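Just one chain is shown here, as structure tokens, and it is the form predicted alone.
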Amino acid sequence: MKRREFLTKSMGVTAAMALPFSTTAVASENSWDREYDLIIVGSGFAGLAAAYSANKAGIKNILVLEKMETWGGNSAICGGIACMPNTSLQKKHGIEDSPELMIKDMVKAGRGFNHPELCKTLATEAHTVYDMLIGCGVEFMDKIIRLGGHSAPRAHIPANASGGGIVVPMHKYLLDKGVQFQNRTQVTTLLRDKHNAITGVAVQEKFDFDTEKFKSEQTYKSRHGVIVATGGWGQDKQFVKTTMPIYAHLEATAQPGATAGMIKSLLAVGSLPIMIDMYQLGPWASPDERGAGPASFFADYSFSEGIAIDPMTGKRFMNELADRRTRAEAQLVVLEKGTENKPNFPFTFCSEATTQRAEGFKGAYRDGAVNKSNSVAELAKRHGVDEAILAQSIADWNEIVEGKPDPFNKPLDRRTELKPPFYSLRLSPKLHYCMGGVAITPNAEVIDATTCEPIKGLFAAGEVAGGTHGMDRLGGCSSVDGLVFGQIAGRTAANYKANV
């Protein structure tokens, strides 16, 4: 099956969402229905961090808007893994790391297309995220793992192995500080004054995402500008198709509300788009679960301690801990060998010892995405592999575990022999992250497309802003991106005051 054929035949699980938005910003000469010191659009990691730092800076009347019924967006449903160098937890485990090493890793994964100052800012400020989260009551597991493309173990895992383990404590913390939250409120337009500064938003209140109906339209004034932290648009099939047609029908891992309404509003006020046709495919995704479920979490452990096999050859075909783009591209090559009637899904597997420390394993095994094989013969039959060749691939790997050089140069933090019973997972990349967005300064100010200078009163953080990760993002860095630049956006907005 050719790559284009595979991609165009992969069916998404959510229908395209055509949300209303204004193509031009409206000058805010009218009266306001409500007034706030600061409005933040989006209640995920970036929005929460923005509210945190703005509150710390002394801003009192803060409103966080959320389009959906539930809080947190993609942040609430992701694994919550955060890659941060030089935290106290990393030092406790004796791990040598540095922001400079993380920058090197990020630039390598991004193929050198990263915005240097944004990349540097993320890596050097990441440790402040850890301190902020601990202060908000977030708890982490007492271990740190290495994800693909990282030169050191730096992935911190919330105690419940979920982004909810960050969103919920931060939400409670901010409520206690007086920050206001309002869900089912869709921002339709960024409003600006006669000086072209952003001074507020037009909203639809009591918005129902499924029916697109709403109760009323209102205008909210924001004295310190507006922070947009609405994440990506992976579920907006029309926008994805327009920017990258070959990905139009690929299943996305994002929550249903990840549509393009706010990126369109940002572009409508003249924001500079950057790499907006670039998307990341998640190499840990499985065709046997919806989106990125527990099997995706388990896959990181299987990649680390097990191996991945091309059923057609029975052999390894990639460094299982390479960056995401490298692994996704390698998997697409394997998938291309199959046909519609006889697909060739690559698979990864590990020993039982690995499953005992792998978050996501129990859920994935329960749901049937991960399967148990009691012998090499059973594993070979399950995945349509020549038994003798598969047995040799396992023997080759166990020699690497014992110290023989790995031709793929995969780093080994834990050496685990591959032996029955095996636990395996089929692989098929899914659209996971929007690499592009609007251009921002290191101070999270949105840049004007005509002047290449900041738009007064407009700030952005998280996935809706592009450039930090170049052509590809390392695992565990989107959470830190949102939290770092969310903090910065909150501080920058606190120091900004509109001319009204």
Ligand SMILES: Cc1cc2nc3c(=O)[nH]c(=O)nc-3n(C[C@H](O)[C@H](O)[C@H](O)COP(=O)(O)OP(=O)(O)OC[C@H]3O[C@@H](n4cnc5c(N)ncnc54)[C@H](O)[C@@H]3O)c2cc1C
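As the structure is a computational prediction, the values presented were derived from the model and not from experiment. Residues carry their position along the shown sequence, with the first being 1.
Although it is not shown, the form predicted together with the named molecule is what the next lines describe.
For A50, no non-hydrogen atom is located within 4.5 Å of the named molecule in the predicted complex, even though that partner is not displayed. The named molecule is not shown here, and in the predicted complex it never comes within 4.5 Å of any heavy atom of L63. The closest non-hydrogen atom of A46 lies within 4.5 Å of the named molecule in the predicted complex. Under a 4.5 angstroms non-hydrogen atom cutoff, the named molecule in the predicted complex lacks Y36 among its neighbouring residues. Comparing 411 to 419, 426 to 434, 326 to 334, 303 to 311 against the named molecule in the predicted complex, the single stretch with non-hydrogen atoms within 4.5 angstroms of it is 426 to 434. Though the named molecule is absent from this view, in the predicted complex it lies within 4.5 Å of a heavy atom of just one residue from G225, G149, G110, G80, which is G80. For the residues L118, A369, A292, I144, the 4.5 Å heavy atom test against the named molecule in the predicted complex is passed only by A292. Using a 4.5 Å cut-off to the named molecule in the predicted complex, not one of N319, L390 and N398 places a heavy atom inside that distance.
Taking a 4.5 Å heavy atom cutoff to the named molecule in the predicted complex, the contacting residues in 63 to 78 are L65, E66, K67, M68, G72, G73, N74, S75, I77, C78.
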